[in-house]
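The chain below stands alone and is given in structure tokens; this is the form predicted on its own.
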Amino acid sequence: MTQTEQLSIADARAYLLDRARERGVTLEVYGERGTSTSVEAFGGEVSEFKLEARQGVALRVLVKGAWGHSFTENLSRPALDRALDSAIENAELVAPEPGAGLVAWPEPPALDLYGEGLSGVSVEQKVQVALDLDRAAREADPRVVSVPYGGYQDSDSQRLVGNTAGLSREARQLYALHYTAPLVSEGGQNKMKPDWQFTREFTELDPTRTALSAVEKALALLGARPAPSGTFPAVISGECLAELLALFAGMFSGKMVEEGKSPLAGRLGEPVASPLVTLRDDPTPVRGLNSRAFDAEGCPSVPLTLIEGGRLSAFMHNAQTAARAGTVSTGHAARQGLQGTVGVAPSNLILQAGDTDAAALASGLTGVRLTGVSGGHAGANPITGDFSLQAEGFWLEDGVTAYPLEVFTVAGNILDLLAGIEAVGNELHDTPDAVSAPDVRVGALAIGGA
């Protein structure tokens, strides 16, 4: 066995924990390994093809109440020793943090996110999905000018955590998805609207259905007229509401609350939304984009209700933010790759569906149907909840769609919007942001036309 031999991430974890115990060091090891495929198609040909593989470990050492971090993608024993030395040295350079500590969490739930979804699937089959998607979108309607964005992706990954307190766990998961965004044109107007499909079973992918749906959505935007300016009653699509919730998901983070960066700080137990609103974060659905059996610290994943009947009932916590807040971890420790430190993040946010069907939701309404927003990187303030965003949608007359609107601006505050919900639709809509929401009706929405 040579010094330069690359260990598996499981063997690297075992080696590091043994070395840490020999040295009397408190250590957490987080590891990732994965392979992925990405295929893009344009004009009937493959425009990009990528096969990627990655693995590595991140170390977190606790020295006198201070965290020291390091990571390595070189899993040889000398490299692992250097990473451990580096983490210890880094811990000695920083100040202690209240609430720092490691926990040997109980066992996580049994959650099969792997199955046989990609078993026996060839590269040629994956490429064909991207080509079929591109072809179906181009041939769906003469008004389709091109399909500038479209392709297939999959991932097969393993994630593990271990610490010197005795915790040891690992999990595997896979997924496949495809996406398309056809460009349509008529009468000098160009419109584009994406659609996608996510699954853990390759055979469930239906590129023709996804392509036709995207084309239909894009065509519906043609013939747009200028939007009026003012405040109007509105129906907000589930996809659009999910986009807004994704922009402001950080306000439910215990870390953001303690840093004074959430508009919900100090409001636990208070009404913060309409009584019709129940919002939860659920890491356990098998078809959830961000589902997981345990978080980045190994804490078991369980559903967490954030808003119940309009009342703020919980914040998301990792072990350290929970300790400082005098509570327990909710299983929301998160890492942004191996190089990041441990933060707090949601898994799958779900605004609970109501009992109002689509027709009743818009019944008698003259105003706006909001179907999408963009520009959140500049137009959304997560500290105050305020937003001013580019938007798309339709004008409704007495509950019936009259015509699409040219791009307009929508402005408001996310908490005011949630408080103003008057009815909640009975069907959930999923989004690539791992947020699901139903259509809702609000009494007043401020928009500005061009």
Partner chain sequence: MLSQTLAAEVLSLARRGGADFAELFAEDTLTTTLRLHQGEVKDAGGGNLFGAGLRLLYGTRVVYAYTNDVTPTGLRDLADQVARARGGAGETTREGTGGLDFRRVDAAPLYVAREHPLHAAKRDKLALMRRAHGAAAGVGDVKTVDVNYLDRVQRVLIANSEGVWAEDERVWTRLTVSAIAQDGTLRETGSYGPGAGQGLEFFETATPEQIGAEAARIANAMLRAGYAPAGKLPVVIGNEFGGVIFHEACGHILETTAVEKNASVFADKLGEKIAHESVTAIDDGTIPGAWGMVTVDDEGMPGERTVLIEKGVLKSFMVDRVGSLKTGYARTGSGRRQNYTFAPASRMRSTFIDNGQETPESLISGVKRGIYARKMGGGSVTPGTGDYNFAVQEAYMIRDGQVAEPLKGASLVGNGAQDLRNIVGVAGDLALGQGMCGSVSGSLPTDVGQPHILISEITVGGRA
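Numbering follows the first chain given and starts at 1. All figures in this text were calculated on a predicted structure; none of them were measured in a lab. Take the two forms, find the largest set of C-alpha atoms that superpose within 1.5 Å, and that set is the rigid core.
Keep in mind the form predicted in complex with the partner chain is missing from the figure; the text below concerns it.
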Site check L62, Q197 and S301: each within 4.5 Å of the partner chain in the predicted bound form by heavy atom: no
4.5 Å heavy atom contact, S229 and the partner chain in the predicted bound form: yes
4.5 angstroms heavy atom contact with the partner chain in the predicted bound form for K255: yes
Exercise: Y114 in contact with the partner chain in the predicted bound form, heavy atom 4.5 Å: no
Heavy atom of A444 within 4.5 Å of the partner chain in the predicted bound form: no
Answer option from T327, Q128, N190, S155, heavy atom within 4.5 Å of the partner chain in the predicted bound form: N190
Partner-contacting position among T278, T164, S291, S86 - heavy atom within 4.5 Å of the partner chain in the predicted bound form: S86
Stretch from 374 to 382, 358 to 366, 291 to 299, 305 to 313 whose residues place a heavy atom within 4.5 Å of the partner chain in the predicted bound form: 374 to 382
Heavy atom within 4.5 Å of the partner chain in the predicted bound form - qualifying residues of 395 to 425: V407, F408, T409, A411, G412, N413, D416
Threshold 2 Å Cα movement between the shown form and the other one for R82, core superposed: yes
Shift of T72 between the shown form and the other one at or above 2 Å (CA, core fit): yes
